[in-house]
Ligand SMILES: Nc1ncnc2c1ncn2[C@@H]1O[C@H](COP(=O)(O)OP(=O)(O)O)[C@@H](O)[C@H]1O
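In the form predicted on its own, a lone chain appears below as structure tokens.
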């Protein structure tokens, strides 16, 4: 939650100035390395790629007709932009070097991204905005402070929660369950046992979707001699075809070779790369189960939730179960139904349920 490192405000949230006395808009934000999703108490649900771009010069400003672009629009026009993906490995880039130019630029991009995300919720001018923002399970103090700094001019009160905790909260699965949230920057694991999770209940791995993109890229370089492709093309292929286990059909892709489109069969290199994401997750899962009360370890093994964008890798749940049988003697993995919004929806439910002392007033 508004992590123990944050000093809670002992009073309930202030209703705000007179011109904002007609209510509160509660907002849950899953601020992801690759994608940001938001759910609001007025029923809005929106998602966008976590990209921000600013025109490079007067020509690009004229061509684009905007001072700032977000999401896929920024990605599609990135050659004309100062292009930012402000989060990396689940944290704001440069948050550990607060005075560096990189940190300042990424902080501004993150601020603009959060502001745009809030605008997507269409808040009324007379509403206070209380936001719960999901962060990696073991996010650093620097990163938490950087996210609060990015949000402070946009929302009235804020709290932070770990992303896998928000997923569990969205499903009301708060007892003896273990969540694996596979994002682009991190894989976050959290065990729930009916209380706020402590540091010992959570593990963050840095072998998420971005890491997997690099592994696939290396495999394709070997399997597709002479082909010309970039990491964004690899990511698109991963999101469409990624699988472990048995292939249903060959994965055929087209890359240019000296400018000529050429078809390659990447079924086996894609499978090999995707399987590498499993052992680190199962090792961390093993650690959380083995250090739990022995009377309740079986419950954890049989209640593993697979969440996040990476959970959509075909047959990943089945292959994790196979690995768990080898390492832990068995287990059951359940893929959640709404990986795009589960974290944001959980953050929104937390916003509704948490008492005032958990909120940090920003203005």
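Residue numbers count along the first chain shown, from 1. Here the structure is a predicted model, which means the values were calculated and not measured.
As for the form predicted together with the named molecule, it is not shown, yet the points below apply to it.
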property	result
Answer option from 289, 151, 184, 203, heavy atom within 4.5 Å of the named molecule in the predicted complex	184
Position in contact with the named molecule when the complex is considered in the predicted complex, options 74, 242, 273, 113, heavy atoms within 4.5 Å	242
is_contact(residue 55, the named molecule) in the predicted complex, heavy atom dist at most 4.5 Å	no
Residue contact check: residue 209 to the named molecule in the predicted complex, 4.5 Å heavy atom	yes
The named molecule contact at residue 35 in the predicted complex, heavy atom, 4.5 Å	yes
Contact of residue 312 with the named molecule in the predicted complex (heavy atom, 4.5 Å)	yes
Segment that reaches the named molecule in the predicted complex - one of 324-332, 57-65, 294-302, 27-35, heavy atoms within 4.5 Å	27-35
Sequence-ordered list of residues in 221-240 near the named molecule in the predicted complex, where near means a heavy atom within 4.5 Å	235, 238, 239
